[in-house]
Every structure is written in structure tokens, then in C-alpha cells.
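Here's a solo chain for you in C-alpha cells, the form predicted alone.
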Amino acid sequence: MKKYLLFLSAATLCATVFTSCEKDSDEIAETKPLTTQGVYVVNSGNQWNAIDGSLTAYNPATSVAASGDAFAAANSRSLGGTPNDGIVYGSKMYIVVDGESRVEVVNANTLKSIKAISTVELLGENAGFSPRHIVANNGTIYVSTYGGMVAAIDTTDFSLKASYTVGSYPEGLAIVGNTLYVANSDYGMAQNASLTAINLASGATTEIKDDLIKNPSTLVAVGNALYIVDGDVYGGAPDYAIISQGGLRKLENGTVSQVMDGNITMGANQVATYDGKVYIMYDSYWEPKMKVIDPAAGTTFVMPFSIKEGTAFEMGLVNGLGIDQTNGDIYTLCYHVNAETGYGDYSSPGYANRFNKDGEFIGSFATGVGPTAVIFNQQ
């Protein structure tokens, strides 16, 4: 996205690749409490400096991160350029690799490769390039692409179940009831920004435009409400000045409203939900803070992060956010600050901070270059 880049045969398959041609476990309703088996950070690397993306594996039980690239260690190859998002769904992990127009499918426990899905082969060269974000539902993964499409991919045989034409440069996805919402960012140009609502039963699509939606990036759902991170809009060279400030919006009962104005700068994954609340980072690249919105109670408060005296701590420049749904642990993904420039050190390894649900600091661990998304393996 402009706002970020400125800175910076079937039977044989079933028998051999850690999957099954029967219904996958992702379609079976869970009856027991989930536990987090592992936490993974998707690192985007740095395309300008030819640094490939990577995957960091962290054990929350021991608070230890494995050194190096966990994907490369399991598969003897790199993820490639600009991994951008990922999820665990059932027994598999799906990693969206923007720069390779690929969705990597691996065993969620061993990280061994099952399938490399080419979105260009599924959708065509123009429609399938640059996959961005992913959600899953009812045995299907949904992937947005900068080709203006959303691909619905079967999780058993990885075939294309359906494709949907959406808006300009789609980014984040979220499901509310039986509707899949798509954030059409327009690459930060603010001319054709919108949301697309996809009825998953009928396949019908509806475009939603509003004066408050100018650069939507990330979507999360709480109940029947859709929360939208709408980024800043920048002018052209030479100064690229901000011409429209972003914020947090809400779509509910067909109406778009303002929840929080401004100070949500850069990063596409700085909003998350837990226990019916919305957690959002703001002033993320200058003086990061977290606001918690409780729609049921009608309250908003700033998370009181607490650090024990004498504990080494740096919040850095926050580029991603994830919350463990089993216990509320909060993970902020950060760049180190370059002491000379005051900006992020975009070509060096980053790190993650972990807090409990009350904001108490648990610890930090090193990541790869460009930490951008958190994946929780919960089984």
C-alpha cells in the first residue's frame, strides 16, 4: 500500500501430503476448549533491499522463540518476497505471500509444506496478482488480491470454489453473519475507496461508499458491527503531505459512523478483538498507545501497559497486533527505532512484545525483518 511503501492425482496427493480427501477438521465444530499450541509471526522482509520474508515460531508456554526462519527450517526454502498475512484453520496454516502471488499451505504443527497455491493460476495473471489478506469460514479460505478479486478456495482440495469481483486494491476481510466484507483501499488514492459486501449464500456483491471511507485497510467484526481502520491519505511528491487523516469507523445497520479520529498511522494490522471488545493501536509510529472499546458497556479506555521496574522494554514502532483468543494475551509487533533517523529500522530484525490481558508486560522476543502479522495455532 502507498501509505506504507512510502517509508519504506488427487488420490496420490491425499496419501502423501498431511491432509485428507475427506472433510477436513476445519469444518468440524470444536467441542472442547482451545489451547494455544504455538504463536507465529509473519515477517514481510524488505523488498527494496532484497530481504525475503520469514516466519518466527514462539512457544508461549516457555516464552522462548526459536532462532531463525521456522518455515525455511521445515521446508529448506524461503517464503519469498513480502509475506503479508496468515491464519491457522483446522489442521493447516495458510500464509499469504504477496510478492510471490502465492498462498503457502503447511501443516499447522510441523510447518511442512502441503501445497503452494498460485493465485495467478487460480484467477488469472491480472486478477490474481499480489494476494493480501485471508479469512476462513465453513471449509473455505477467502483471499483478497490487488487484482480486485476475492478467491474462495476449498480447504480440502485447494480448488477455486468461487471468485468475486470487488473494488480497487482490496485489503482486509471480515465476516459478519453470512456476509464477507472487503476493504477496498484504492491504494491510498481516496478516489475509489469503498467496502464490498459479499453475500456468501447467494454470491451477490454490494459496494458501500461513504465520505468516512477513504483508505480502508483492516476490518474486524464484533457482533453485528464491522470496525474499519481507515488510513491517512497522502498527497504527491515532493512532500507527500497528509491531505486526509484516517481513523476508526464502524458499519452497523447500514450506517457508517466515526469511532475514533486520526492518529492511526501506517501499518495494516493494528486492530484486533477479544471478549467482545475492540483493541486498537494509535500514534503507532510515534508514541504507541492502545485504546480498548467495549461496545456492550459503551466505554472506552486506554490500556494501562505496566512494566516492572528494572525490566528492559521498548515499544518501538508498532506494525502489527494480535490477541490470543484463549487467554487475552496481547502481542505488539515492532520495528526498532533507527537512532540516527528516528524512523523505523526497516532492514533489520524486529521484535514482538507480549502482555497479558490486563496490560502487564510478560516479555519480548526477536522476529525477522518486518514483523507484520500474528498467527495463533489453537487446537
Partner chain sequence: MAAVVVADSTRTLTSVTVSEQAPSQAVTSTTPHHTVLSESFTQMGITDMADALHRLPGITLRDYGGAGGMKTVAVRGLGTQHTGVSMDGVVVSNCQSSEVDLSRYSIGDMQAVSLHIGLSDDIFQPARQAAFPALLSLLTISPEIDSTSLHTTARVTTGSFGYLQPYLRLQRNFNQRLAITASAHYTRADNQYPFTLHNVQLVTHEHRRHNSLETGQIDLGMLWRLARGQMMRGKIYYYDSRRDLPGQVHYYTNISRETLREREAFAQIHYEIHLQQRLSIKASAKGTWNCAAYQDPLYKAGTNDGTYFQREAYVTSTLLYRPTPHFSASYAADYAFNNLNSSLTTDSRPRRRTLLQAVSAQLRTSRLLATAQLLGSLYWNSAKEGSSASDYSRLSPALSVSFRLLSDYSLFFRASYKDIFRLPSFNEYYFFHYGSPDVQPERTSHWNVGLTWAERLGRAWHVQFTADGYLNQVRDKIVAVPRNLFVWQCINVGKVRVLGMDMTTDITWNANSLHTLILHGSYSLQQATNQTLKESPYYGYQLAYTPQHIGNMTISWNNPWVNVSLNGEGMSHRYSTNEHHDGTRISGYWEMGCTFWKEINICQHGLQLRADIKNILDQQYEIIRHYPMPGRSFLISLQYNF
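Numbering follows the first chain given and starts at 1. Since the structure is predicted, the reported quantities are computational estimates derived from the model, not experimental observations.
There is another form of this protein, the form predicted in complex with the partner chain, and it is not shown here; the text below is about that form.
Considering the partner chain in the predicted complex, the lone stretch of 340 to 348, 324 to 332, 308 to 316, 58 to 66 in range is 340 to 348 [heavy atom distance within 4.5 Å].
Using a 4.5 Å cutoff between non-hydrogen atoms, K277 does not count as a contact of the partner chain in the predicted complex. Residue contact with the partner chain in the predicted complex: A197 places no heavy atom within 4.5 Å of it. Interface residue remark: I153 is not counted as part of the site for the partner chain in the predicted complex, having no heavy atom within 4.5 Å. Among residues of the shown chain, A70 is not one whose heavy atoms approach the partner chain to within 4.5 Å in the predicted complex. The listed set G254, G298, G235, G177 contains one residue whose heavy atoms approach the partner chain in the predicted complex to within 4.5 Å, identified as G235. Note on contacts: among T273, S130, S163, S91, the single residue with a heavy atom within 4.5 Å of the partner chain in the predicted complex is S130. Applying a 4.5 Å heavy atom cutoff to the partner chain in the predicted complex picks out Y146, G147, G148, Y169 from 140 to 174, in order along the sequence.
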